[in-house]
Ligand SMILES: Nc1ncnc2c1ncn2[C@@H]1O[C@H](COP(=O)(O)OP(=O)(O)O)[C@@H](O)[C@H]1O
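Only one chain is given next, in structure tokens, and it is the form predicted alone.
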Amino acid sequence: MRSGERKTRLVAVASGKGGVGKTFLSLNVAVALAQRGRSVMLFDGDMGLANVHVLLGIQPNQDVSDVIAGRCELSATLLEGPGGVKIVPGSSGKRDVAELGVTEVTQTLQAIGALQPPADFLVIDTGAGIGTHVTTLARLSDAVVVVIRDEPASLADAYGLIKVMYQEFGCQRFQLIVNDVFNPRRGLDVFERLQQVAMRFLGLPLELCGVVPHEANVINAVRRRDSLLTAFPDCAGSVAIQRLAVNLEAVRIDEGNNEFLIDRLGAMPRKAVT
């Protein structure tokens, strides 16, 4: 599959630190895009520790590990999620999947992208941190979204992820989501703090995708095993996530990139780490 021939836009949602709401936002951004009339797939790309299905109270009969082992076709793993989102369940608690190499991860993503009919968006919930799976999925994507919270550890780890992706793999565009803030001004301040560090030490401007307020209904949506947008569509958190979807639709991507996904890794310039 050549990216110039595909219509699917790949969006990787990552975070330097776990526990910042990355998976919850991946699910809800996917639902928001679907509510805007887009066909959307959500891939649980936290290889070995997948939990999108846990959020939704779904027990997959088969997942990506079965596809990799040759026990089923990828299409047989698809689950129906909220808002019509198609979910590709990842594997949980299986070391062989958690230790997949770059080529295997790329081939898996390429197989998802080749499913018919092609989706408008493939949202990828990556793992946290800077491991090979995370960096590979981010490098293959058209947009890299980094989720942060107003916590020193979250900001430090997000900067670490951005630094690795920029210095080692040449990625230059990052969409930042500031999650779970008690007022919008504080969210902007958090973004500006990370932006200043990235500019000072990397000379790299960041892009603010949006700010998501603290939302009491999040825990209620989780208890219902539902997305926030389908359970509480009019709450402040849902409205903010709907704006995120609009902003992601507007992110410019390289329409002229005609390489196979596996070739896109080698085509990215590697910079010397300083």
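Each residue number is its position in the shown sequence, starting from 1. Being a predicted model, the structure only gives us computed values, none of them experimental.
Another form, the form predicted in complex with the ligand, is not on view; read the next lines as being about it.
Student: Spell out, yes or no, whether the shortest heavy atom distance between His214 and the ligand in the predicted bound form is within 4.5 Å.
Tutor: Result yes; His214 sits at the interface with the ligand in the predicted bound form.
Student: Quick one: is Val218 in contact with the ligand in the predicted bound form, heavy atoms, 4.5 Å cut-off?
Tutor: The answer is yes: Val218 has a heavy atom within 4.5 Å of the ligand.
Student: So in the predicted bound form, is the ligand close enough to Asn179 to count as touching (4.5 Å, heavy atoms)?
Tutor: Yes - in the predicted bound form, heavy atoms of Asn179 and the ligand come within 4.5 Å of each other.
Student: I'd like to know if Val20 sits close to the ligand in the predicted bound form, meaning any non-hydrogen atom pair within 4.5 angstroms.
Tutor: Although the ligand is absent here, Val20 would touch it in the predicted bound form, with heavy atoms inside 4.5 Å.
Student: Tell me, please, which stretch of 206 to 214, 244 to 252, 61 to 69, 35 to 43 lies within 4.5 angstroms of the ligand in the predicted bound form when heavy atoms are compared?
Tutor: Answer to the contact question: 206 to 214.
Student: So which residues in 150 to 166, when you check the ligand in the predicted bound form, have a heavy atom no farther than 4.5 Å from it?
Tutor: Contacting residues: none.
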